[in-house]
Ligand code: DI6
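A single chain, nothing else alongside it, follows as structure tokens in the form predicted alone.
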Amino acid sequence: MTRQQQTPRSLWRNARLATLDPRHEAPYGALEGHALVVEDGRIVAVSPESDVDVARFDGEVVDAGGRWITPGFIDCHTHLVYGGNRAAEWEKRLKGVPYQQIAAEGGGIVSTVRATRALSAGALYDASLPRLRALMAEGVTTLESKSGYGLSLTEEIKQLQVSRRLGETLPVEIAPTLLSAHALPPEFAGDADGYIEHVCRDILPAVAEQGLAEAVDVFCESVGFSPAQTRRVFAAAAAHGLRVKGHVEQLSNLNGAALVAEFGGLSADHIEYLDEAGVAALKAAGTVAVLLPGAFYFLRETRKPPVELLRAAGVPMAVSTDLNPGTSPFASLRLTMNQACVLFGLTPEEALAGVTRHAAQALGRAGSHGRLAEGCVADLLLWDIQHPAEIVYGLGVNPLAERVFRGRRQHKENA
């Protein structure tokens, strides 16, 4: 039987619901005096508790003790699976050593590629597991996991297979993304066009055939790949039925967001240098803007994404950790939400929407994830708080009382 078929029917009562459903006009989509009915891993009803006959309910009745319930959190941009770390490189940067010198000495992304390639699939799984458990302990129930540290057919497949295994063995849903066009591997040094041809001709078709990825990402940047090269990858992805997204406008404006939008992309990520034309393109295409304040903070950047323009245009803003060893080594979505508020000016409600319904949209799951609504997956978080802003406000003490995945209650320490 599947995990969902084993899930008992349940009624969640005596709770305060932060539904994050925009159909409810109260802040956070809050509902007082309502109960959730869960069956086969999905929410089948959100009803006034006065309408529910608790005594005759056919299933488990859970008293939430007056706690707040939110949807499970979604971390929609991570590089979860990798080997090694770059703490020594970070220390050098803090001492003033320029990145070009660090890269020339074998540091930078090439060092992570080397460390990732050196690990077996089993060792890579073991290295990634603590990071995933840390995210889950703060309430993450769905996350994206990118490749991009293998940069060869065999190694990219290894990364994606490890992502799949993590999702199969833990109570979490993983959305895999192919990011072969992340950087140039050493064997293609000086031949970016040749590597892009290898990605389009060899890596992408093999990954699509094996069903190892839902989407394809490209680092479109002056230190990554050009818009023309990005277009080639996006066209190949579309030809194989895969959605696209992009690392764009992080360090400069190459109009990468408009290119993502042209292909009906799921999300444009980083976007510190996004301009008004790019914002308009995202709005027209229904593409999500993904804010990654962890990288902004860790790299000590000063150019902020155009939050006011995005807000005024009604472009959904997701918030994500960008968990990776080089520029955002943070396995904490609550920290990321706090950074989004303090550094980028989001409200706590926007930050929570950014890790629920907007993050769901960024992963192509808008209809099934990120809200407490009929038909959505029963990924629930119970919080020992008096107000939803507390989830974003303070760090160090985790107020998460219980994590529920597909209607099944998880022990917090084993989340």
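A residue's number is simply how far along the shown sequence it sits, counting from 1. Here the structure is a predicted model, which means the values were calculated and not measured.
The form predicted in complex with this ligand is left out here; the points below concern that form.
- Contact with this ligand in the predicted complex, defined as a heavy atom within 4.5 Å, is made by none of Ser145, Ser320 and His358.
- Proximity of Arg86 to this ligand in the predicted complex: non-hydrogen atoms within 4.5 Å are present.
- Using a 4.5 angstroms threshold between heavy atoms, Lys245 stays clear of this ligand in the predicted complex.
- This ligand is not shown here, but in the predicted complex it comes within 4.5 Å of a heavy atom of Phe219.
- Interface residue remark: Tyr99 is counted as part of the site for this ligand in the predicted complex, having a heavy atom within 4.5 Å.
- Contact with this ligand in the predicted complex, defined as a heavy atom within 4.5 Å, holds for exactly one of Phe234, Phe73, Tyr149, Phe225, namely Tyr149.
- Screening Thr141, Ser163, Asn324, Thr177 for any heavy atom within 4.5 Å of this ligand in the predicted complex leaves a single hit, Asn324.
- Across the options 234-242, 325-333, 277-285, 204-212, residues that bring heavy atoms within 4.5 Å of this ligand in the predicted complex belong to 325-333.
- Interface residues of 238-276, taken as those with a heavy atom within 4.5 Å of this ligand in the predicted complex (partner not displayed): His247, Gln250, His270, in sequence order.
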